[in-house]
Each structure stands twice: as structure tokens, then as C-alpha cells.
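Take a look at this single chain, the form predicted on its own, given in C-alpha cells.
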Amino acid sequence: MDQHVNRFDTLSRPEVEALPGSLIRAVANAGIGLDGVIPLWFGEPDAVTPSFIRDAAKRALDAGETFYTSNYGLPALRETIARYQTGLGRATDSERVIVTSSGVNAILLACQTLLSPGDRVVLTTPHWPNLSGIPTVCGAAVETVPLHIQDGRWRIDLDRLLAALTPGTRMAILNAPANPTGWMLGADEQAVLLRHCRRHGIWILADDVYERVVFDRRAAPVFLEQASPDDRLVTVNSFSKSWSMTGWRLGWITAPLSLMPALGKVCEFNTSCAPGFVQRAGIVAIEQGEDFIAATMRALRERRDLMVRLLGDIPGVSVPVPDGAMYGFLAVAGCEDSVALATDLLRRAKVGLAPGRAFGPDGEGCLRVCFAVEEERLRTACGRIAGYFASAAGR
């Protein structure tokens, strides 16, 4: 059979064939439906979206807002986002904002707009798998720089990251506060990275989804605070975490004005636009949601501290303190197969955790705990985890 026929025997592109399946889903699929399981595998709060946000969507539906909107989003939402970011110290013009159908859609749009096959992309690891998967689907070559545990927290070797961002690199993808580690970049580190990327013409794609999920201040440092409007910086954000709107699939991009026409075109070829009634809910979420965010963060801080306290005494388990996000990323001494460990823990202790290998090879040997759940469930889950390791030590 000739090469031409062989090529078309392949059902999907090689880049897609090479993508690993979700190891988080693999563990979750084994546990969904089992009686008594406490699921801490997915990255979402267990709180329902607040009623004032839900009511806004209902009003928009009752008003008949079921039609297409602009590719860029409702002007009212773009203006609301611009005011919101400006109020956090990130001066933004609404013309630089495009509304997207989720944060992950924002990342996809940015990568489809900026990346060509063969482009080099650098990101830190362990990382949310979509951050490497999306550039890979676009045909880019992804290289990673590992985080490490230092003084009880996940940290980056900044010199090593700078050395990886060589001339000719097309994009750096930086998620901080980070999923799964809770690692956070400092403002000084961001300034160094911004200057370096300016010098070498490297785009920064900043995933700021967890910027409000931070434990020692109102919001995390972000590149937007230091960047010029025409810097090669694209930031993506989402309503999912800060406003408990994971299922609504609403996000946004902030980008240089010169990039907006291209982003608008790519949006048209993906989803065309986010639903209008969902965007109306987003406006109300931002305008009325500060008290909700503050209350959420008080609860998350207590739950983070509870998790660290209850799991930190387990022999052989290191529990770095997360600076942000809603996860504990536990390093388990001697663990060489985190999928097998998570599956066994699910079967024996009835607690569902995400295996570290799901977040790249550098996550192997770790387990991710999402602590954004009701306190008593978290306390019970941590007790079961501690009991599991105590029992394992005796086996």
C-alpha cells in the first residue's frame, strides 16, 4: 500500500493521536457511582452558583436574549470586565477585551491565533494538562521547566525558566496561581520575565483564572499590572472559580488592540460567541460578587489550613502549602505510580483524588486534593486518607 493511502488510513491527526487520555477522568470514572465516595478529583467548588447570578440569567432568558451576540461579546460585559480589571490595578480598555465560551476556550483561541506548527512553547510543570495539550494540538513543540518544593512551598527556579526562554521561542504559558500546585509568581519575578520576553519577542500567555483565589491578599500579582498595552501579552480569565460558575462556560481574553481582529475571526470559527443570557449573568457576577468572593476566600483559607494540618502529619507525605488556587499537591515518598495509588485509595478509603501523573511526568509521585468542598466532607476525607496511609504502612 502506498504512502498516500497510509496517510488517509489514519483516523485523526498524529498530534491528536499522541495526546494522552485524561488520567483524572480515568480515576473518576472508576469511582463515579460507588457508594460513599468523597470526590475531590475535579477542580471545582462544591457550592452552587449564587442565586443573584442565576437570577440574572433567568431574567435575560425571560427577556428573550437567546440570539447571537458579537464575536467579541456584549459591549456591556466587555466594559464591566474592563472596569473590574482597572479596579484591581490592571488598567484595561474594553476594546482590548473579548468574551469567550470558558477559560479553556480562551486559551484555545489565543493558541490558534498565535501558534504555527513547529513553534516552540515553554511552560512550567506540574501543570494543568490542557496547557500543554492545546499547543500540541496546534502543532507546537512544548518544553517544560519543573517546579520544586522549597521551604514547604512549590517554587520555580527563575534562572532555569529564563534560560529555557531562548530567542526563537514563540510563547511562554504561565499559570499562577497554579493548578495543581498553588504556586504563585511574585511581582518581581513577573517583571524580570516580562523584560526578558520583550527583549526576545516572546509572547506571554498568562492564565489568570485563579487570580482571586489567593490567601494573603485581595488578588494575585499579574502581568497586566506591569505590561504596556502593546506588549506581547495575552491574559485569559474565567468566571468558573471566583464566582462558582464552572458549568456556565464563560471567560475572557485581554490582548493588545492589534491582535483583536484576528481573535475575533478565530472566535467566529470556534463558537461564534458566548450565549447572551450567560453574559448577562457575568455582568451581575462582577458587579455584585465581591462579597461572595470574600466569603469564599475566608472559607477556602480555613479549608486549606485544615487540609495542611490533617495531612501534614502523615509519615512519608509532604504537603506543600499552596499560596493560591484550591488544591493541595501532595508528594508521596516512594510512589512510582500515582494512578495506581489514586485507584487503590479510591477502592480502600473511598476518597477520589487526582493522580499526579495527570499533570505531566514531573507530577508523578504526587496526588492532588481539591479542598473547595464543605468543611465536614473535607475533614472526613482527610481522616480517610490518613487512615489509608497508616494501614498501608502496616501491610
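What you see is a predicted model; the values in this text were computed from it and never measured. One-based numbering along the sequence shown.
This protein has a second form, the form predicted together with a small molecule, left out of what is shown; the following refers to that one.
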Subject >> The single option of T296, Q279, S240, T124 touching the small molecule in the predicted complex, heavy atom within 4.5 Å >> reply: S240
Original post:
Considering V104, V317, M260, A219, which brings a non-hydrogen atom within 4.5 Å of the small molecule in the predicted complex?
Top reply: V104
**OP:** Just one of 104-112, 308-316, 263-271, 79-87 has residues with a heavy atom within 4.5 Å of the small molecule in the predicted complex, so point it out.
**Re:** 104-112
**OP:** Determine whether any heavy atom of R249 comes within 4.5 Å of a heavy atom of the small molecule in the predicted complex, and answer yes or no.
**Re:** yes
Original post:
Is F223 close enough to touch the small molecule in the predicted complex, meaning at least one heavy atom pair within 4.5 Å?
Top reply: no
Subject >> Close approach of T254 to the small molecule in the predicted complex, 4.5 Å, heavy atom >> reply: no
Original post:
Taking the shortest heavy atom distance, is N175 within 4.5 Å of the small molecule in the predicted complex?
Top reply: yes
